[in-house]
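Consider the single chain below, provided in structure tokens and representing the form predicted on its own.
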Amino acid sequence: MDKSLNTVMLDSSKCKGCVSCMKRCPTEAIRVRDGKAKVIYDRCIGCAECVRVCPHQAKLPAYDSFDIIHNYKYKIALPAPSLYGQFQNLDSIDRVLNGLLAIGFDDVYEVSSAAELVTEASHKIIAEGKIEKPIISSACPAVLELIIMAYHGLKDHIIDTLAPVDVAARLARERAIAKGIPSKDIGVFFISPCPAKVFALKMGLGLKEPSVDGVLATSEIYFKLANAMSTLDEIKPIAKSGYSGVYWASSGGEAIGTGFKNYLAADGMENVVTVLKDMEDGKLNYIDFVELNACPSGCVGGVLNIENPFVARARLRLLRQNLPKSENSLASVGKDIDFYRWEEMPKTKDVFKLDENRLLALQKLDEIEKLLATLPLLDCGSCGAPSCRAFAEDVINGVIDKDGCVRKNENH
């Protein structure tokens, strides 16, 4: 699958080659060549840091057009709980859900409802005692991609539960089929706060095939939805979420809902990387559960949202005050625990290996170290690589000439 269609793309006409994105990318997936940013998509985890920091709006997050819903006769919306934080003075989730019906959807299944089910399923899976502690949440696909790409030793710490959106999609589709609607007529669409979820759902992360038919951006649907909500004549009571499900939109919400007292919650890519390094070094073995979110403040901080994440988080806090703790239980759904687990384990990726041939890889590593010893080690980015080591790797791999180090040449 082409990640450039499902993570972020570059508008080269706007790119100034300023290296802001390159310096912030946690996997060094960006280079600046010929004055323009270039993405190494094999290394891209969809965290959207490049979108967040680009001063020229040259990075474009990927998602499906709203018009895609018209390809199906029966259209189901899956709103992320972060969506509710986008609206000022929202007093009821029902207003948003009725608004979605008003703009063209035939049914709505709250992802926050599925989050409550995943919370209970997590309790049971953790109680089996088969996952190494600290247990890492699998909810953020950007973090999951980062682990299977760069922190292979932590893979066995990840809880193998499906993301709430996948559970919501499967249950929503089953509900439609139970109504007598032909499967071919059903389209299920997630309203996403971030491109990492776009890619994960397109790829079917943890599943043998994708659970949704499209992924829409909160930012694109917001204005349609806001207009519809302002003109509703009647608001039907269709919401079935408690505050424990809605709480998943904010950093720490999953951990609190799962009931862990000894947990760690971190958000923002720099903090996530720091925590993963500490875990890899065995510094956090006293922690029971680790919840990591690539976006600041959690999903409310996704780049496909409209509202400032801190404002959205405050709005959700007010909204939750009028909600019961939970409205959903595994017993009410009647599914086996395996329904909530990955169908297949995500495979680790060796995107940083220097060569398929181990001997050649070792030879390249030796050459890199020798070249690195001659560089100024300033990690200035002037060469178009994020660090001196990355520059040395590019030289040895034949991507750039060794004379590309501007600062080295200045010293001679």
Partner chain sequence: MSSLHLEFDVAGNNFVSAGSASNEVKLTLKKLGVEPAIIRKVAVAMYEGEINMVIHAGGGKAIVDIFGDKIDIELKDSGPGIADISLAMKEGYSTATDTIREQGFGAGMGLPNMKRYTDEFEIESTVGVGTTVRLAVYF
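Numbering follows the first chain given and starts at 1. Because the structure is predicted, anything quoted here is derived from the model rather than measured.
This next part talks about the form predicted together with its partner chain, which is not shown.
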| request: Counting non-hydrogen atoms within 4.5 angstroms of its partner chain in the predicted bound form, say which of Gly334, Gly180, Gly129, Gly282 makes the cut. | output: Gly282
| query | Which pick from Lys16, Lys402, Lys23, Arg389 sits with a heavy atom within 4.5 Å of its partner chain in the predicted bound form? | reply | Arg389
| request: Have a look at 154 to 162, 205 to 213, 324 to 332, 94 to 102 and name the one stretch with heavy atoms inside 4.5 Å of its partner chain in the predicted bound form. | output: 154 to 162
| message | Even though the partner isn't displayed, in the predicted bound form is Lys261 close enough to its partner chain, meaning a heavy atom within 4.5 Å? | response | no
| request: Could you confirm whether His70 comes within 4.5 Å of its partner chain in the predicted bound form, counting heavy atoms only? | output: no
| Counting only non-hydrogen atoms and a 4.5 angstroms cut-off, does Asp394 reach its partner chain in the predicted bound form? | no
| message | Even though the partner isn't displayed, in the predicted bound form is Leu377 close enough to its partner chain, meaning a heavy atom within 4.5 Å? | response | no
| When you measure heavy atoms, are Ala150, Leu359 and Glu369 every one within 4.5 angstroms of its partner chain in the predicted bound form? | yes
| query | Quick one: which residues from 317 to 353 get a non-hydrogen atom within 4.5 Å of its partner chain in the predicted bound form? | reply | Phe352, Lys353
